[in-house]
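Below you will find one chain, with nothing else, as structure tokens; this is the form predicted on its own, and questions on how it binds or moves follow later.
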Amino acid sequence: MLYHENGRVGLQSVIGLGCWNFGGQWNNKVSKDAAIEIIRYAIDHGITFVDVAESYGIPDGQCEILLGEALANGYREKVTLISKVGWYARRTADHFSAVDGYWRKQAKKAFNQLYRFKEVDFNHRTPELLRLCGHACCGRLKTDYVDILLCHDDKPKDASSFITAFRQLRDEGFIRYYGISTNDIGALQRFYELSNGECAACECDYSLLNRRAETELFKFCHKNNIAIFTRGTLERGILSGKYTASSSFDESCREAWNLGGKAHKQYLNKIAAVEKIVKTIEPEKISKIAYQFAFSNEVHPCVVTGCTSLEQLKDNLAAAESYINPHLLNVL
């Protein structure tokens, strides 16, 4: 396993484990026992950080609960724990939802009148509600504190609410660092400025097929000593080499790629890009190359990886044993 000094967060393995696959979302069916085995195997073999969020799982919070069980018996002390808040109840669409249409607003108005709950600003997510979300994360994870808590809204309308809540949680001892999960350089800059430079981490999309973070976001993070964690390395599986232009999908996160779907054209463009890439490498090594490409960037990001089996995890760990061949960087 390779390790990077990642901003002010410190030394981390070049890959970590994302736990969004373990909560029953998107037709993923990983048993509880299998998930715990994967998490503990990853930690036993050099992975130093795990990534989760309050909204991962069905119902919300299931991934944190499972991860909390996996981190028992001394495993919690071996990892940097990353979670995120801000999209509470988005999928269940109750009165805490951050997504509002006309009828949703009317329902909230009626709710406030009935229950005299007017002091809670549902649209802008008040600091107190976000602080309570942080407490809930610790409870589900069965831990005294979360190492890094991220704003799980890539363009928050009111970033100050998150920052106020995060500062309270830090002062209370429930988090060590805070930051934002975003691909938007403007949102990151605003968050950093509002935090008076306290923003310590940014999680963003980055892959062979999506290099936009290189232009400004990586440079801003590197300049300001902000830890970089990247996600989306395999572009939801496209860079695994498993799919072709004729593939069909029943997972909710990929249905739009099907013929007639709103993202079918983009999917075909990405498949064409992958076909071009595999002309320069051995096709069976494309996922390994994709991971190595991401963590070999000169700003030394750490990569959040996902898996649904121990075999996939072992492949990811093997990829993290060396940097990408410099020659490949000139042809990819």
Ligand SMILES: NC(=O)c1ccc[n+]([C@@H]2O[C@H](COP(=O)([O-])OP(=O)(O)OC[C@H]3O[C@@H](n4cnc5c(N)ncnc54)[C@H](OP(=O)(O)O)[C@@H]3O)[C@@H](O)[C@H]2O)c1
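Residue numbers run from 1 along the displayed sequence. Quick caveat: nothing in here was measured; it's all calculated off a predicted structure.
Keep in mind that the form predicted in complex with the ligand is not shown, yet the notes after this line are about it.
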Are 6, 12 and 80 jointly within 4.5 Å of the ligand in the predicted bound form, each by at least one heavy atom? no
Contact stretch among 229-237, 192-200, 127-135, 171-179 - heavy atom within 4.5 Å of the ligand in the predicted bound form: 229-237
Looking at 254, 211, 167, 76, which is the one with a non-hydrogen atom within 4.5 Å of the ligand in the predicted bound form? 254
Within 4.5 Å, heavy atoms only: does residue 51 come near the ligand in the predicted bound form? yes
I'd like to check something about residue 304: if you look in the predicted bound form, is any of its heavy atoms closer than or equal to 4.5 Å to a heavy atom of the ligand? yes
Report whether the minimum heavy atom distance between residue 287 and the ligand in the predicted bound form is within 4.5 Å. yes
Check whether residue 29 has any heavy atom within 4.5 Å of a heavy atom of the ligand in the predicted bound form, and answer yes or no. yes
Contacts from 142-157 to the ligand in the predicted bound form (any heavy atom within 4.5 Å), listed N to C, are 152
